[in-house]
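Take a look at this one chain, the form predicted alone, written out in C-alpha cells.
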C-alpha cells in the first residue's frame, strides 16, 4: 500500500521567556492510503502538537523548525500560507477534542457546515446546503435537514461530535486527524464514534490519524500504533504486536494502567510513577529513564537507537533493553508484563 503521508525529522518548539520547549523532537512516521494510525501517550507527550504541525497551525510562540511533511509527495512545510489554506479542509481535515468549544454557539449547525464547504470548494449556497445534509446523513444524524436550523447547545455531546466529523468530511479529504475525539463522551457513545469512524474509513477510503491517551479505543480502529513520550517516538508497530508483545517499559506502563476484561485473574492497575520531564531541559539519554524501573547507566548517557522486533520490519522500539548485552528483565517475557 502506497504511503499517503510521509513525516521525516519533524521538530517543533515553543520559544518562551524561560527558553526553548522542544515539544516535538525528530518525529518520523508514515500513513498509508486508507490506513488508520493511532498516536498514543500521556498528556503533554507531543501528540496534539504533532498533529497541529502537520496542518501548520502552531500558534505563537511555537514554530516548526525542521523536517518534512509530504502529503502525496507534496511537502507541506514548504508551502506558502495561501497554498496551505487550500490544503486544509480539502486534503487534510481535523476533528478537534471538544466539539462544544470548537463549534460557534451563536451560529446554527447549517451555517457552520455550509461556511466550511463554501470556504474550501467555492460552491453555490444551494449545493452547499445539499452537501451539508449529505454529510450529516453520512455520520448517521437523523432528520439531517432539520438539524441544520439547530444550535450546538440543542444537540447532545455525541451528536455534536458527529457534526464535527461531518464538517471534517464535507470536502472529501484524503486524511482526517482525530484529536481525542471521544474524551468528553461516555463509554457507550465512545464506542459508537469509533465504530462510525471505522465505517466511514471503509466507505470513503480516507486515512485516519487517531490521537488519544486512551488505549481502550485504539484497537477497534487503528491498524498501527505510534507510542510517543516527551516529544519523541519510543515504539511503533502493528496494533496486535503493541498490545501483545510491547517492548518499551513506557508502553508496558501504559498497558498496565488500562483495565482488561480478558485478564485471567483480577489485578490491581499499576500507574506510571513520576511526572513527564521538563522539555526545557529534557533528560540526557533515554527521556524515560528517570521513571523507568529498568534504567541502566547507558540509558542516562546515550539515546537508544531504533531496532526491529521479531524481524518482521514493522515493529520497532528505541530501548537499550533490546541490546544483546542488556540484562534480562525479571517478571517479563518477550516484553509482556507477567
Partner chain sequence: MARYILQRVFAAFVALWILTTVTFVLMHAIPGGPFTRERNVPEAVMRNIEAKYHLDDPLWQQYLDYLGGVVRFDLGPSFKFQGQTVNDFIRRGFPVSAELGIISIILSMAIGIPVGIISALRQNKWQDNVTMLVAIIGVSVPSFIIAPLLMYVFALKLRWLPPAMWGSWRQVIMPAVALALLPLATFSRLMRSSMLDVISQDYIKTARAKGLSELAVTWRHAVKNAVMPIVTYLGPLIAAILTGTFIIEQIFAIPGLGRQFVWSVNNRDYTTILGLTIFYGAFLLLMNLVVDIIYGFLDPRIQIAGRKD
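Computed from a predicted structure; not experimentally measured. Positions refer to the first chain, counted from 1.
There is another form of this protein, the form predicted together with the partner chain, and it is not shown here; the text below is about that form.
Novice: Of the options 209, 227, 136, 164, which one has a non-hydrogen atom that comes within 4.5 Å of the partner chain in the predicted complex?
Specialist: Looking at the other structure, the residue within range turns out to be 164.
Novice: Sort through 79, 130, 148, 107 and report the residue having a heavy atom within 4.5 Å of the partner chain in the predicted complex.
Specialist: Flagged contact: 107.
Novice: How about residue 292: is it within 4.5 Å of the partner chain in the predicted complex, going by heavy atoms?
Specialist: Taking the distances in the predicted complex, the answer for residue 292 is no, it never comes within 4.5 Å of the partner chain.
Novice: State yes or no: in the predicted complex, is some non-hydrogen atom of residue 101 no more than 4.5 angstroms from a non-hydrogen atom of the partner chain?
Specialist: Residue-level check for residue 101: yes, a contact with the partner chain.
Novice: Can you check whether residue 174 is within 4.5 Å of the partner chain in the predicted complex, heavy atom basis?
Specialist: Close contact is absent here: in the predicted complex, residue 174 is far from the partner chain, nothing within 4.5 Å, heavy atoms only.
Novice: Considering non-hydrogen atoms and a 4.5 Å limit, does the partner chain approach residue 201 in the predicted complex?
Specialist: Flag for residue 201 set to no.
Novice: Verify the flagged residues 112, 116 and 119 against the partner chain in the predicted complex: is each one within 4.5 Å by a non-hydrogen atom?
Specialist: Looking in the predicted complex, the three residues 112, 116 and 119 all sit within 4.5 Å of the partner chain (heavy atoms).
Novice: Of the listed stretches (121-129, 201-209, 84-92, 70-78), which one has a non-hydrogen atom within 4.5 Å of the partner chain in the predicted complex?
Specialist: The contacting stretch here is 84-92.
Novice: Do any residues of 137-163 have a non-hydrogen atom within 4.5 angstroms of the partner chain in the predicted complex? If so, which ones, in sequence order?
Specialist: Stretch hits, in order: 151, 153, 154.
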